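Same protein, same chain, two forms; see structure 1 and structure 2 below, as structure tokens.
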Structure 1
């Protein structure tokens, strides 16, 4: 059993109150599956960090209260000591592997506690069967997709036979098929009687599994729902700015194209290694002057498609027409603006405001640029951080800055790769509104996304890549 009594945690060197926890009281029974949710920065991640010991051992701060696990106060215990009992899966699949190959990674934790190699090999086989990892064994980490990496991360935790598993937004980089697989893994753990604690903002995949849903707001427990009451709380969640529990379905949207302008892709063929095609499109029509969603499973080349379309990638065969005229790579590069999936690579300047101004057209005066940039920032709720360094922002804020600078660029065609991955309900609605505004201005937006709620909110048509 895990029990929090009057647990508070305040991060060191934290200017805002973000992520802090105030006076938490909670009991978690053995074998329970708890889902923690709340807006970004509410403290749900801190919850998981207290359980695996990263707070206060690695993320420093002041902690008070008692956190008991199996009759022992675990506050003050070292991370590696807790690691024998508590397994952790993190949000970013790119940064949680120590090794370069999957087999070493699966065995890594067990090796670190000097487990007998024979036992490790036995457990590797067991976990491979249990979590269906056969085709991922013996591969390089760098050739796996995000979903596959996350499964290996779960596997490397399972090898330790932990009593407790904590997951910090494990689904945020995954598509719906990978989320289904993740769900299976979590279900397996639940059936094995492990205590599972998941901090998440995407909730639908946990609906059937959760024993309790806990909403955290400003570092305190705002609301607690038991399994029985989970069925009808979507409206309440929405009011609190949270994602719904029901799996959203794409409304049937006509893929018909009303506008006169359109992009015709006659042929687009791109491959990374000159052998297998990563993307092969023929005779495809993209509607213009509206918001179009591009969906499809991981690995169908959605991101590759955007990069080819805006001219960053050079396709082997590349024949695209804009309103009947040849539209080559150079022209596309000038007309399009792509917001990348990983926002950490696309912010370059020293302040959020500069970030928007740097990409603006050179014809406008400096003053006008500033006003326009401030307006855009306000619409994204970023005005109060306008003078901050972009790299000092939270992930969700960076994402909004990147999107805001794409809008500031004034280009006619905007491409966005998973723009809502780190967004709570409030910010997702902000973005939807903004895209509606762009549409009214006659701009064209293509979004690669698997956020169906977002699609229903603002997309005019949906294209599925197979």
Structure 2
């Protein structure tokens, strides 16, 4: 189905080799399910962009070699031509939505190619049954959780009946239940004979589905594992800084807060429509001076909780105490720093280094700011991209820049929403070590996460929202 022959791609104006591909040779059979993995910035996403035409049509650069799909060379083909053959599900499904309701989104691509309305309706019903989307039909896109958005993105792809399906980090923001549903969708495609290519850090849920696992390093294919060899390679993957294939479980945690300081939430009532409560907490205690994980299924209000806690959202009723004293929104906003789930909303400057400096205290000299920012970037493995534009980085690198910026701010309470989405094992361990350092400094960290490996590495306690 797909053949790479000496294919290379170099991004225009890229100051480093991060994300480029160098001399890729690979053949993918019709109906195969291929998993691509590797450290952040290794070129996985670029691989998928060549298949759907986003590179070089949207992400400009120089491409060479021959890339055959279904018997024809697709280099030079437009995105619209390839869209009839290749379905794409992005890491952040919001970036591929064009409508405000789910039914219109599912039908959008088919309408774009002037498909007969009766055929569109037929395919919508077919996809609804095939991917179990009934409860998501007729809904507002803005009301959906991350996992629900991912399923709608998969449905909008399936309506087109593509021969090839490409997914980029599809599980990065999903809870275990949503990952199981995503796995069912992928398994359905595999059973239908689709050729499926998945770029992914989180590997365990694909272990039984993958025909091959391909490790990319510095833009080249470093390792290739067949289905038969996947059972015993966890140690090799760990040595390469990659996630294991075994399914992680949360270890039993029993930790007491060492400080008398704590946050007492006597009441926190928030609703999006000012009527129905989306989040309702009473008599809740949050430990301080440690790292606390906040877990729960997609859509239970975890992100809303962080935004209410730091004062971005204004709750209907809000009584929060810090060490016995009322802690109002204005004070919370000054004390807290929130790293969003979608960090694209909080990257503002022209360079990675400036991104850290912009939030630092005004009492520090410019030289001290640059030195401290460089030290933090080095700890996160980002010093080599210090002069790059933040929006030119990979998803995992952007995530690390936003987290590094939160640390550079010097705030006492850091809130992080899915900080390890798009992170390989190596960078997840870097973040774990950094949070341990913050805890030793007396800082407080609250982390919304579905990443059990991360919880096991650095979290002192777990709060579950249902």
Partner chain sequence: MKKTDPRTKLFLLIAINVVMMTGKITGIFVPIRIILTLIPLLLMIREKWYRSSLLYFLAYLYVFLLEGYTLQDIPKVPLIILLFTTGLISRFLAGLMMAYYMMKTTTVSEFVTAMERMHIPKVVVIPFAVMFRFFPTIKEEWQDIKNAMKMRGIGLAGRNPLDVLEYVMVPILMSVSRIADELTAASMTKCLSVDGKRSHIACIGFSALDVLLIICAVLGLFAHFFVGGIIGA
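Definition used throughout: the rigid core is the maximal C-alpha set that superposes within 1.5 Å between two forms. In this text, all values refer to a predicted model and were calculated from it rather than measured experimentally. Residue numbers count along the first chain shown, from 1.
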query: Between structure 1 and structure 2, the form predicted together with the partner chain; finding: 1
query: Displaced residue check between the two structures: residue 432, CA, 2 Å or over, core reference; finding: yes
query: Large Cα shift (2 Å or above) at residue 287 between the two structures, core-fitted; finding: yes
query: Residue 211 C-alpha moves between the two structures by 2 Å or more, core aligned; finding: no
query: Rigid-core-superposed Cα shift at residue 403 between the two structures, Å; finding: 3.9
